[in-house]
Ligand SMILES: NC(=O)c1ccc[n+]([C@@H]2O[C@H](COP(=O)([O-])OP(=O)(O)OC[C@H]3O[C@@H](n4cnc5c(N)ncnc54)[C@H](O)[C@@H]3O)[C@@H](O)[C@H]2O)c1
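What follows is one chain in structure tokens, specifically the form predicted alone.
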Amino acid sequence: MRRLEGKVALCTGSGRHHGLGEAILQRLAAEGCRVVVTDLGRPDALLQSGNIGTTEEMESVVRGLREQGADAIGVPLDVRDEDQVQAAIAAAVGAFGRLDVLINNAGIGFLMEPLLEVTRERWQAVLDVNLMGAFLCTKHAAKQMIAQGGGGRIVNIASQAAKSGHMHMAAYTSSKHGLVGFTRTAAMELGPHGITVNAICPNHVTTGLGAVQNEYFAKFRGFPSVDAYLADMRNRIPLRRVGLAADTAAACAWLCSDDAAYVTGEAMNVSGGVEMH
């Protein structure tokens, strides 16, 4: 199916192989989208190369999409920087003439520690990327969508942590709960312009980030190995498997299509049934 033929999609945090962002753009490209890969590009004091898409890896993701047959470009983007957000959207429009789809996928999920040990700086860093970044990108993408006419689609990649509490993830859980509230308000304000705004709430997906979480929580919860931890997780999921990046990508493609034209303000669980509210 090519339900998004000729559309242009930008996905933040999509410059890592085997990540949610790459999978989402692969699916959107298969549906006919021209795509913009973005990631931080260069590490900073907190976001080191193992936790971000470097410029080199982002370029590799772009090459992979082009080999798939997609029109694709890569743009370095720190979602915390409003000037860079505006520049990335301008680059998308400069390359493809418009912007129809924004996927707010960039996030920090690797800072796991007890609540009483969280520093103000690390708390702020998580909220700046996960929530402030989504706000800035939504603000400027929506301005472009309104200016060009024809509506648009904005999808925020939240988490099961947007619905339930998770120990040792106070900042992450707070940011994802906030992202659902932001989704609902943005949907109300942008609906008159034909722009839908929805969130997707996946359960655990073993991406590069997910693997870091596996190691941490297997040890924290006393499992003898990561395999044992994942086996216990599967037993608690009604569909008896952990999530795949392709599951989130498929939900994203549907929300971006005309099939979901009357769906907005939702926080869709993609969790195998483990989260039901």
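Counting begins at 1, following the sequence as shown. Since we're looking at a predicted model, the values are computed, not measured.
Heads up, the form predicted in complex with the ligand isn't pictured, but that's what we're talking about next.
Peer 1: Does Q213 make contact with the ligand in the predicted complex, using a 4.5 Å heavy atom cut-off?
Peer 2: Yes, contact at 4.5 Å.
Peer 1: Going by a heavy atom distance of 4.5 Å, is I52 a contact of the ligand in the predicted complex?
Peer 2: Although the ligand is absent here, I52 would touch it in the predicted complex, with heavy atoms inside 4.5 Å.
Peer 1: Please tell me whether any heavy atom belonging to V101 falls inside 4.5 Å of a heavy atom of the ligand, as the geometry stands in the predicted complex.
Peer 2: No.
Peer 1: Is there any non-hydrogen atom of R80 lying within 4.5 Å of the ligand in the predicted complex?
Peer 2: Yes, R80 lies within 4.5 Å of the ligand in the predicted complex.
Peer 1: Is every one of G152, T183 and T264 in contact with the ligand in the predicted complex, taking contact as a heavy atom within 4.5 Å?
Peer 2: Not a single residue of the candidate spot has a heavy atom within 4.5 Å of the ligand in the predicted complex.
Peer 1: In terms of non-hydrogen atoms within 4.5 angstroms, which of the given stretches 184 to 192, 89 to 97, 111 to 119, 157 to 165 touches the ligand in the predicted complex?
Peer 2: Of the options given, it is 157 to 165.
Peer 1: Though the ligand is not shown, can you say which of I73, V205, A142, L136 has a heavy atom within 4.5 Å of it in the predicted complex?
Peer 2: By the 4.5 Å criterion, the partner-contacting residue is V205.
Peer 1: Taking 4.5 Å between heavy atoms as the contact cutoff, choose which of L47, A250, I237, A228 touches the ligand in the predicted complex.
Peer 2: So the residue touching the ligand in the predicted complex, by this definition, is L47.
Peer 1: Within 100 to 133, which residues come within 4.5 Å of the ligand in the predicted complex, counting heavy atoms only?
Peer 2: Result: N105, A106, G107, I108, V129.
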